[in-house]
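Below you'll find only one chain, the form predicted on its own, shown as C-alpha cells.
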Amino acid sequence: MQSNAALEYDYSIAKLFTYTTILFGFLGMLVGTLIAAQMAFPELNYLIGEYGTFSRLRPIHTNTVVFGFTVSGIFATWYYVGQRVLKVSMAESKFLMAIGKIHFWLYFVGALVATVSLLLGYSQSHEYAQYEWPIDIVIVLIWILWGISIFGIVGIRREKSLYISLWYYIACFLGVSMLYLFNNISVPTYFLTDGLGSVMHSVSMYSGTNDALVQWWYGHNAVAFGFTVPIVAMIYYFLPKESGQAIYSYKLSLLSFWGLMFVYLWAGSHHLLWSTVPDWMQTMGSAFSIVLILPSWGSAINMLLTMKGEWNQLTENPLIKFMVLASTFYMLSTLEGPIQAIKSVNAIAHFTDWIPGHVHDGVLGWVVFMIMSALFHMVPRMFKREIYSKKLIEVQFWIQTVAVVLYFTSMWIAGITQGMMWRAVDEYGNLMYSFIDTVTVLHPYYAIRALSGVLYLTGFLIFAYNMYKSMTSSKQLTEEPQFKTPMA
C-alpha cells in the first residue's frame, strides 16, 4: 500500500469514460435534433428510407442519451470521485484495474451493438427498455462489473466514513439493478410459438395492465436512479470542491437521501392516470409525487445555500454558474412533475407535448449541465492542463441556457394547447377540433423546439471542442488546483 503523502490516483478508466460521455452526448443530441426537426418538417423522415424515420430514430435518441451519455458520465465521475473521497488509488489493486478495464470495453462495445440493433428495428417496445434480451444480459454484466468496482474500492478504502456522494452512487447501482432485472424479464417468441417466432425478438413475462405497471415502476425510477440520484451525487462533490464552500447542511443531505429512496419508488403509477390501473394505485402515485417535492427541493436548496455569501463566484466562475443553474432547473422540473401528476391537471397534460417539455428541462438543464461542469472540473486534475478557454464556456452557457428555455416554453404552450383542443366540445357535445387541427396549430412550436435543438447541439459542440483542446494543447499545470478550476 502507498502512503497518503505519496498517493497518486489512477484516472485511466475515468478518462476512457470521459471520452465516451462526449461521444455519446454528441450522437444522442444530434439524433434528438434531427427527430425534433422531423416533427416540424415531416419530409425529413424520408431521407434514408426506414432507417431515418422518427419511429426508428427516437429510441436511438433516448437510449443514447440515457445509457450512453448519462451512464458514461456516471461511470466517469465515479472512477474519479470514488478514489478521491475514499483516499485509495485504483492502481493499488490489479484486480480492480482489470475489472475497470473490462467494465469499460464491454460497455463501449455493448453500447455500439445496442445502438445498431435499434437502428435495425430490434425492439421490445418498452420505454427506456427497448433493447432485446441478449443486450439486456450484456447490460446486467456491465452493471455487475460496476458493482464489483464500487464495493471493491470501498473495501480497501483508507477513509472510513462514506461521504454522502457515495451513498447516492451506491443507491444508483442498487436501484437500477432491481428495476432493470424485474422489468426486462422476457421470453423469445421462438420458444412460445413452436419455432415460428424469432430467437432475437422477445415478449415480456407480464401482460396488459400488469405489464404497464411494472414498466412505469421501472420507467419512472429509471429517471430517479439514472437522472436524479447519481447527478445529486455529482453536485454534492463537485460544487463544494469547485467553490471551496462546505455543504450547507449535512443533515439535510441525509434527510433528502432517505426521502428520495422511499418516496420515488412509489410514484411511478402517475404515468398511468386515467387508465385501467386500479384507482387506489393512481391516487397513491399522485400523492407520493406531491410528497416527492420535499426531498427533491431539500437537495436543491442545500446546494443553493452552499453558495450563501459567495454569490460573487457566479460572475467569476462559469462552472459555478452551470451548477447553480442546474440546481435551479432541478427545482423547476421536480415541481412541474408533481403538478402534472395531479389527476385534474394530468387529464389535460397526458399524451401532450407538455410531458417531453417537463422531461427535457430536467435532462437538458439539470443532468447535462451537471455532467458537463463535472467533466470540466475533472479535466485539469486528470490531464494536468488548464481549461482551454473560459470565454468558450461562457458562450456555451448562454447558448444552451437560451436553448433550454426555448425548448420547455414552446412545449409547455404546445402541450396545454393540445390538451385544451382535444377536450373542446361544441354546444351539442361534439368535438370541435380534429387531430390534424391540433397538428397544424402546433407547427410553430415544433419549429421552435427544432431551433432549440440546433442551439443546444451547437453548445455541446463548443463543449466538446473546449474539452479536446484542454486535454491536448492547453497550458500545463505544475500542481493540482485545490478549488477553482484554472481557465485561460
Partner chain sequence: MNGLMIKALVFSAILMIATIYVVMSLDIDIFADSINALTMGGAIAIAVLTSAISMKYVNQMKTDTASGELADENWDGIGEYKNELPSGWAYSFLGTFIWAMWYGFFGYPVNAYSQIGEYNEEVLAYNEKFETVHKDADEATLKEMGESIFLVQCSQCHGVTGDGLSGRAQDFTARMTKEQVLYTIEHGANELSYPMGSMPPMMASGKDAEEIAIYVAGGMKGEQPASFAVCASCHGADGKGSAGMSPDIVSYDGTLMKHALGHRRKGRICKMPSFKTLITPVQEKALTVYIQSLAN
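Values in this document were obtained by computation on a predicted structure and should not be read as measured data. Numbering follows the first chain given and starts at 1.
This next part talks about the form predicted in complex with the partner chain, which is not shown.
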| task | Although the partner chain is absent from this view, report whether Trp133 comes within 4.5 Å of it in the predicted complex, heavy atoms only. | result | no
| said: Given that the partner chain is not shown alongside this chain, does Lys251 nevertheless sit within 4.5 Å of it in the predicted complex, heavy atom to heavy atom? | reply: yes
| message | Taking any heavy atom pair closer than or equal to 4.5 Å as contact, tell me whether Trp274 reaches the partner chain in the predicted complex. | response | yes
| said: With a cut-off of 4.5 Å between heavy atoms, is Pro318 one of the residues that contacts the partner chain in the predicted complex? | reply: no
| request: Name the stretch, out of 362-370, 386-394, 327-335, 134-142, where some heavy atom lies within 4.5 Å of the partner chain in the predicted complex. | output: 327-335
| Of the residues Leu106, Val113, Val402, Leu305, which one places a heavy atom within 4.5 Å of the partner chain in the predicted complex? | Leu305
| query | Considering Ile102, Ile148, Ile156, Leu162, which brings a non-hydrogen atom within 4.5 Å of the partner chain in the predicted complex? | reply | Leu162
| field | Output flag, Ile290, Ile342 and Leu431 jointly within 4.5 Å of the partner chain in the predicted complex, heavy atom basis | value | yes
| Residues of 400-423 having any heavy atom within 4.5 Å of the partner chain in the predicted complex, listed in sequence order | Val405, Phe408, Thr409, Trp412, Ile413, Ile416, Thr417, Met420, Met421, Arg423
